[in-house]
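In the block that follows, a single chain appears as structure tokens, in the form predicted on its own.
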Amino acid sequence: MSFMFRSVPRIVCEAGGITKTGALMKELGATRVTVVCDPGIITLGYADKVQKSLEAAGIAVQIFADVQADPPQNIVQQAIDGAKDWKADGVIGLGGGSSLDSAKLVALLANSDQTIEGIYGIDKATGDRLPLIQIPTTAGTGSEVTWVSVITDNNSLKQVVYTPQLMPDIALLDAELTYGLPQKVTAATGLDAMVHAIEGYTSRTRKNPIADGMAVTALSLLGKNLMKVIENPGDKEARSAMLQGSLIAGMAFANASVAAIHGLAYPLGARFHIPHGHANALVMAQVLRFNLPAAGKLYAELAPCLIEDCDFASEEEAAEAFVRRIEEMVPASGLETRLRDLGVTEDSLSEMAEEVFGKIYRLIESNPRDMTASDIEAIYREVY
């Protein structure tokens, strides 16, 4: 088997570790740092903590706090232009996946004459990015350890940048930043991370033994702690386990690929602004059920990650139990489970199916079972 595995050079995992941001960035040699976040991060006071740490280390700070969910290209461009004009020599991503994905592109393109459109796709970027630290405030996307950035272009289509330069210098995990997450955000981001682990483990295109081991570890951490943090948001140990599981799942899928769940979720975010993790959760169980005939062996191998102390009589029984457990977890998370309840229109279902099959086919190729546009539409209709 031939494969390549990429990983972030350094991971710092410490409750309260956000106070070390300045010292870490100083080690990277930066003196003028742009912090990329959303307005909620300002309200929570996290950006202020980062700014104080940076300034204590003698580093000048610019805050860009206009990131939006499913980051629109024009907003990311504003952040890039602002950092370039300010002559930033370092970048920090602070927040959920949208902020982290935006920060990657700021670090890359504030140091380049390339355009955003010019680097859509695989390995289109040239040159080096600015020093980059990623600090997640949700346990979900794993973006802090991936070489991928997903944004929404000016035609409301999801575009993906894959390039090694997007891998940050440091991923800083501070579980304290997740203690106050709202229940729905906790649920959506946690299920998103679980999807990363599952799809990484079952990928047809880039599955490899290192990613497999990480996917199993991640899914065990996530599957055994998600309901704990939903039911008891103050469980600090479970919160830390979720953040670690999210990061490890990110490392898995970044090297093995995601698949149809993500493919079907993308138009829901781009068209109807459903948060990415929630969009994944909406179609997660139905895609796994669809894949069962082709992925039964792999699902059986993953079953112990979610179901403890079970002695399955057969591979089929274990795989069925795995899918059934996911079917139980999604509604138990408290998230809405119907597209119609989130503003999705029935006449958009066939259009989205064609979009997924025609423009995001790379993710369908990674799916363990072949899928047609009709199959995709049928799944949308099932959850409508």
Partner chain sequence: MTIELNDTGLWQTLGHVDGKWVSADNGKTFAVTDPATGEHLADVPDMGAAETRTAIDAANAALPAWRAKTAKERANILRKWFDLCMAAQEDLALLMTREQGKPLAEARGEVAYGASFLEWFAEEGKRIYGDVIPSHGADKRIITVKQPIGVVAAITPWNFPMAMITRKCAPAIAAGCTVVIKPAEDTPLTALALAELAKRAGFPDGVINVVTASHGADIGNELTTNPIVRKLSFTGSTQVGKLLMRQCADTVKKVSLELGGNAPFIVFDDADLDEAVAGAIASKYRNAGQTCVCANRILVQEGVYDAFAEKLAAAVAKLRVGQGTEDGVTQGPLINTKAIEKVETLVNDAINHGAKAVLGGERAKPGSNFFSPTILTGVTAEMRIFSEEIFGPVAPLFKFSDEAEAIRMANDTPFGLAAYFYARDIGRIWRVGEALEYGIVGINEGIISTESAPFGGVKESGIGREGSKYGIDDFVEIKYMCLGGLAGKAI
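Bear in mind that the values here come from a model prediction, so they are computed numbers and not experimental data. Numbering follows the first chain given and starts at 1.
The same protein has a further form, the form predicted together with the partner chain, not shown here; the description that follows concerns it.
A.B. asks: Taking the shortest heavy atom distance, is residue 78 within 4.5 Å of the partner chain in the model of the complex?
C.D. replies: Residue 78 belongs to the contact set for the partner chain.
A.B. asks: Indicate whether residue 69 is a 4.5 Å heavy atom neighbour of the partner chain in the model of the complex.
C.D. replies: No, residue 69 is distant from the partner.
A.B. asks: My question is simply whether residue 304 lines the interface with the partner chain in the model of the complex - judged by any non-hydrogen atom within 4.5 Å.
C.D. replies: Taking the distances in the model of the complex, the answer for residue 304 is no, it never comes within 4.5 Å of the partner chain.
A.B. asks: Using a 4.5 Å heavy atom cut-off, state whether residue 351 contacts the partner chain in the model of the complex.
C.D. replies: The answer is no: residue 351 has no heavy atom within 4.5 Å of the partner chain.
A.B. asks: 60, 63 and 82 - do all three of these have some heavy atom no more than 4.5 Å from the partner chain in the model of the complex?
C.D. replies: All of them do, each having a heavy atom within 4.5 Å of the partner.
A.B. asks: Which listed residue (340, 359, 324, 52) meets the criterion of a heavy atom within 4.5 Å of the partner chain in the model of the complex?
C.D. replies: Checking each option against the partner chain in the model of the complex, the one that comes within 4.5 Å is 52.
A.B. asks: Since exactly one of 179, 312, 272, 86 fits, which has a heavy atom within 4.5 Å of the partner chain in the model of the complex?
C.D. replies: If I apply the 4.5 Å criterion carefully, the residue I get is 86.
A.B. asks: Using a 4.5 Å heavy atom cut-off, indicate which stretch of 329 to 337, 312 to 320, 42 to 50, 22 to 30 touches the partner chain in the model of the complex.
C.D. replies: Answer to the contact question: 42 to 50.
A.B. asks: Within 193 to 211, which residues have a heavy atom closer than or equal to 4.5 Å from the partner chain in the model of the complex?
C.D. replies: Residues within 4.5 Å: none in this stretch.
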